[in-house]
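This document starts with one chain, in the form predicted alone, laid out as structure tokens.
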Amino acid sequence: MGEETECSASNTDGSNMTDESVKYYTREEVQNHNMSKDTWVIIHDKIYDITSFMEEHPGGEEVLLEQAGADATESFEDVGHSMDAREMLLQYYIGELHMDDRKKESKKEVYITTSKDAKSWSTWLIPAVAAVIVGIMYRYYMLEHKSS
């Protein structure tokens, strides 16, 4: 079914798996696993058998079935899965996408800033402008009621 090769591969968490055989599957092999009782997906060129997770998925089984047998990387990233979800994904890992079937496009780098210095001016400017507008409206309303 899948081609076995002895090599060192990187896990999605960055740790190295050494002295383990990694199975490589073609895109065509993965596409054959597209039913609720047999569901595989590709995420970042890694193959996951998520059949046992279908009923547990918080977003529902249908969401996963839409991606069954296909590359779900973009959908997985668009949802913004938590670190816990990414760690949970590791238990369903079964192999890697064959080198010939991997997309040749450059990988997008994701930059996440968590520094307190990373706050931009918009994080304080928008609420400040809103507060000024509310203050002006309040004063206008109060002046109008005093004069009557």
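Don't overthink the numbering: it's just position in the shown sequence, from 1. Nothing here was measured: the structure is a model prediction, and the numbers come from that model.
One more form of this protein, predicted together with protoporphyrin IX containing FE, exists but is not displayed; see below.
- For residue 27, no non-hydrogen atom is located within 4.5 Å of protoporphyrin IX containing FE in the predicted bound form, even though that partner is not displayed.
- Although the partner is absent here, residue 64 sits close enough that one of its heavy atoms falls within 4.5 Å of protoporphyrin IX containing FE in the predicted bound form.
- For the chain shown alone, residue 88 is a contact residue for protoporphyrin IX containing FE in the predicted bound form, at least one non-hydrogen atom being within 4.5 angstroms.
- Mapping the unseen interface onto this chain, residue 50 counts among the residues with a heavy atom inside 4.5 Å of protoporphyrin IX containing FE in the predicted bound form.
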